[in-house]
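Only one chain comes next, encoded as structure tokens, the form predicted alone.
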């Protein structure tokens, strides 16, 4: 049984079909990268997995640990162990970061004590994301995931819009999150990594910190090819998406 299995997924957003038959699997302890040009459907796929209301599934299914979650609300998916780091999370006026962390904390009641490790201890009494810099927003998102302690992590461009110092801190903390052995039974971890992840990245910088097992390229709402993440990234940089896809095009299930 896969940790996550997506079967022939079609999704509409804003009255337009974005995903046009996506098939994708993630196993326990596996990190999967998702590459693709702007507007190809990457963020929509993550939003559909998380169950955001603006994504309407018109065909296909999403299974998490063998359970069909296609029509399940966001909060139920979160309780089952799915967490997401958004690329551009909204400002939430009236909700303090510290209060949110305590509310979502699972088996980690002292999460506020670790806020300093994320350089966020001075933000706990501030409204969520209001006035935060790009790096502060990203660190806050990873801190929230750490409090939630999910089994499947969705990361939408975790390195975008942040400086080099923040990238190093974010990369280290995501690494710690993925190698959280408390969520693994002996012998079930993959290379000692116990949390599964789907990662969208354009630069590939985050892979220097967390590694990855396989990669997919999505274009025009469909998975076009797969391969080793480092090989895919190298070819994308050298040839662009069109040439890379033409070179590697395989018939995927």
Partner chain sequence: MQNGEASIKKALDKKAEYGPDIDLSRYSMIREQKIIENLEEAPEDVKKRMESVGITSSKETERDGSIMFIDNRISHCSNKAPDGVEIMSLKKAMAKYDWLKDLSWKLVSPDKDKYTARTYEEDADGTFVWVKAGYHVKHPIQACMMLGTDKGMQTLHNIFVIDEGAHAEMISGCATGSHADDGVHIGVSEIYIREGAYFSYSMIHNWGPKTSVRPRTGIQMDRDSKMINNYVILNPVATVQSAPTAWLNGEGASCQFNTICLAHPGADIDSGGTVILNAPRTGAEIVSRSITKGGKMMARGHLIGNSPGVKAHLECKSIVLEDGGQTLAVPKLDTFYADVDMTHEAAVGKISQDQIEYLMSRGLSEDEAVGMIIRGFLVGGIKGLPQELTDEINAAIEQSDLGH
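Positions refer to the first chain, counted from 1. Nothing here was measured: the structure is a model prediction, and the numbers come from that model.
Although it is not shown, the form predicted together with its partner chain is what the next lines describe.
Among heavy atoms of residue 62, none comes within 4.5 Å of its partner chain in the model of the complex. Although the partner is absent here, residue 75 lies within 4.5 Å of its partner chain in the model of the complex, judged by heavy atoms.
Mapping the unseen interface onto this chain, residue 113 falls outside it, with no heavy atom inside 4.5 Å of its partner chain in the model of the complex.
Residue contact with its partner chain in the model of the complex: residue 129 places a heavy atom within 4.5 Å of it. Across the proposed site, 84, 89 and 103 without exception bring a heavy atom within 4.5 Å of its partner chain in the model of the complex. This chain is displayed alone, yet in the model of the complex one of 145, 170, 162, 178 has a heavy atom within 4.5 Å of its partner chain; that residue is 145.
This chain is drawn without its partner chain; in the model of the complex, the residue among 51, 215, 29, 221 with a heavy atom within 4.5 Å of it is 51.
Remark: of stretches 206-214, 43-51, 29-37, 223-231, the one touching its partner chain in the model of the complex is 43-51 (heavy atom within 4.5 Å).
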